[in-house]
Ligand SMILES: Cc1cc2nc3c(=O)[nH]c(=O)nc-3n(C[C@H](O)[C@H](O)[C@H](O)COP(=O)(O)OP(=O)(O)OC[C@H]3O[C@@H](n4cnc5c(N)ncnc54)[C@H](O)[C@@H]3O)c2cc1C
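Okay, so here's just one chain, in structure tokens, the form predicted alone.
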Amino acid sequence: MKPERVLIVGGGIGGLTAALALGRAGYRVAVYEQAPEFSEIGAGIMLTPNATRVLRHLGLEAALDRAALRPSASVYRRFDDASVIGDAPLAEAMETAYGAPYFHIHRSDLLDVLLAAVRAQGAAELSAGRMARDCSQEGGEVTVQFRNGDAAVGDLLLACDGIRSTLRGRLLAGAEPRFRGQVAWRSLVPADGLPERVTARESVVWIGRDRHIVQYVLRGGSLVNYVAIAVQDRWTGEGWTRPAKRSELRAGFAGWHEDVQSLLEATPAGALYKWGLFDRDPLEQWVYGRIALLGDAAHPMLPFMAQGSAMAIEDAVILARCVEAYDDLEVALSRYQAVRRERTARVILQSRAQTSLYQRLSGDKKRQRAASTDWVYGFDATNCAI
């Protein structure tokens, strides 16, 4: 029997994409977000063709064209002299090779696009300030309990509540996410006055030994988003909004090219954040009766392939397709799990291996990049076998 009411815990990119895909298929959806409002903290993300293909399928092409930027190329530069050690075209090349574009976009802008589409569709109830505490199921009903004492009842529950998912923790015993020996700093910097190499409409990776920096512009070129990542033995912090000192970052990247130094020096006061990089081993079971995991709740991964959001977007449309295709919800969810498990496991493991691309000066970077992306970008979640 198909679900009449779908509960989604987590109003981020995965949760809202699921709400949009399910609403498009005619299902009533309720989305519960723990934050006081539906919003994303400031950072850029790369939307690769496997993700933009899905977003186009959901009718978001025009909105994305307004909000996002199409970079011309991905360029790998040596940390000390800025020499190019690899590059790959992106703009027209992505459309030609994969039939979908490659975008840079601010996370909050993507969330705004999704939120506007969900609201315009009119098929979803949106509730903020609802932090899930527990979940249960009996017969054909699922219930989610919130910390404020409220509860919601539906026919299907999707846990889209991130790497430290509360609902995942209620469903299965297991180890905490594992620190992978890398820490990251991020910031958004006004582009005015920065060197041309920093403000070019390219994705630039500065490669050093055991550390690298990824930079690209957002919002029409007015902002430069950067993430600096380095090997570190231990990490005890929580979350990814821990304030960091610019002096610490400068010390970690001392001796790097003057363009890098200009970017780091221009970081606004109070706008630098630091976090440890965690993931989990691939999970065999994502579905528990009428409760299913989606996005980082199911398969958190390192950011080295820019696939965290993309995998959640793929999850969402495949889950909606399965629910629509099969009258038996148990069968639909088992197919969703089967279709997603092998692919996401491969991305988790490949993301761990990407340090050889980003944090080693040796190797053919163009060949390495192609080997790690072609099979990812060419996947069509809107039309794959389910």
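For every residue, the number given is its place in the sequence shown, counted from 1. What you see is a predicted model, and the numbers here were worked out from it, not measured in a lab.
What follows is about the form predicted together with the named molecule, which we do not show.
Using a 4.5 angstroms threshold between heavy atoms, Asp296 counts as touching the named molecule in the predicted complex.
Although the partner is absent here, Pro303 is a contact residue: one of its heavy atoms lies within 4.5 angstroms of the named molecule in the predicted complex.
A residue is said to contact a partner when one of its heavy atoms sits within 4.5 Å of a partner heavy atom; Ser309 meets this definition for the named molecule in the predicted complex.
When contacts are judged by a 4.5 Å heavy atom cut-off, Gln34 counts as touching the named molecule in the predicted complex.
Contact with the named molecule in the predicted complex, defined as a heavy atom within 4.5 Å, holds for exactly one of Val227, Ala82, Ala271, Ala191, namely Val227. Distance criterion of 4.5 Å from any heavy atom to the named molecule in the predicted complex singles out Leu277 from the list Leu264, Val75, Leu277, Ile291.
Picking from 327-335, 22-30, 40-48, 352-360 the stretch near the named molecule in the predicted complex, with a 4.5 Å limit on heavy atoms, gives 40-48. Contacts to the named molecule in the predicted complex (heavy atom within 4.5 Å) from stretch 67-81: none.
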